[in-house]
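Before any questions on binding or motion, here is one chain by itself as structure tokens, the form predicted alone.
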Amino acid sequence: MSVHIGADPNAIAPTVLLPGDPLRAQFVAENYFTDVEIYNEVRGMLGFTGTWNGTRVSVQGSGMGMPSLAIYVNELIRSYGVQRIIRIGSCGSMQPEVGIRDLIVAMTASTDSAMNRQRFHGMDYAPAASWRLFQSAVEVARERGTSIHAGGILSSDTFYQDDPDGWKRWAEYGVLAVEMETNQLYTLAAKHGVDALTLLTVSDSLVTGEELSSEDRQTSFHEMMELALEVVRRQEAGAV
């Protein structure tokens, strides 16, 4: 057991899907896994392990924001030996060609957070996705005929911005979308030598003002979840 995850040492699979919302973790476990076991309920941050198409996989809620995600990523890696983490989340589009329910594979994650500035004594660090997972996701999407956008995203500390036009500067430089976690996921994965990838479904558009309901955000991202699970299956098969 670790401080925030109440699991036995072997309860968590080598690959973990990481939604921010614990109810999305529950949805994945109930709708995609067989032989499901719940391993964590500490602070309501649900975690489950099960089997998908013969592959053992876990799903763990991480909460909103980089400080919360960093707690769970550190403990999954340090205490449970997790080797691959795939974030499955939602985001806000910053580009007119990136529409509601579109799928993004995040290559890099810029940030307005100070967490890496503190870690690197004021210098900037550019975290990126694992090439193995990124390449696999692109290949799976191509084979399935799934349309994706691949590129850089923004991980922001602030959901409600004081400057309503602040996102436009990031968009000017080609950033596809904004969310709140990936910068630290990629940073910590690099530090600990594990693989990480973020897959995002567009839940709202800063360009058009469109948005999905909170229920849709929890339950309707099937394309993203199935893509992530197939990447897991291939990675686990290759690791055997």
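Predicted model only: the values in this text are computed from it and were never measured. We number the residues from 1 along the sequence you see.
The protein also exists as the form predicted in complex with a small molecule; that form is not presented, and the subsequent description refers to it.
With the partner omitted here, the residue from Leu199, Met66, Ala196, Val178 that has a non-hydrogen atom within 4.5 angstroms of the small molecule in the predicted complex is Val178.
When you look in the predicted complex, the only residue of Ala137, Ile86, Leu76, Cys91 with a non-hydrogen atom within 4.5 Å of the small molecule is Cys91. With the partner left out here, the small molecule still marks one of 202 to 210, 22 to 30, 168 to 176, 41 to 49 in the predicted complex; by a 4.5 Å heavy atom cut-off that stretch is 202 to 210. Contact check for Phe159: a non-hydrogen atom falls within 4.5 Å of the small molecule in the predicted complex.
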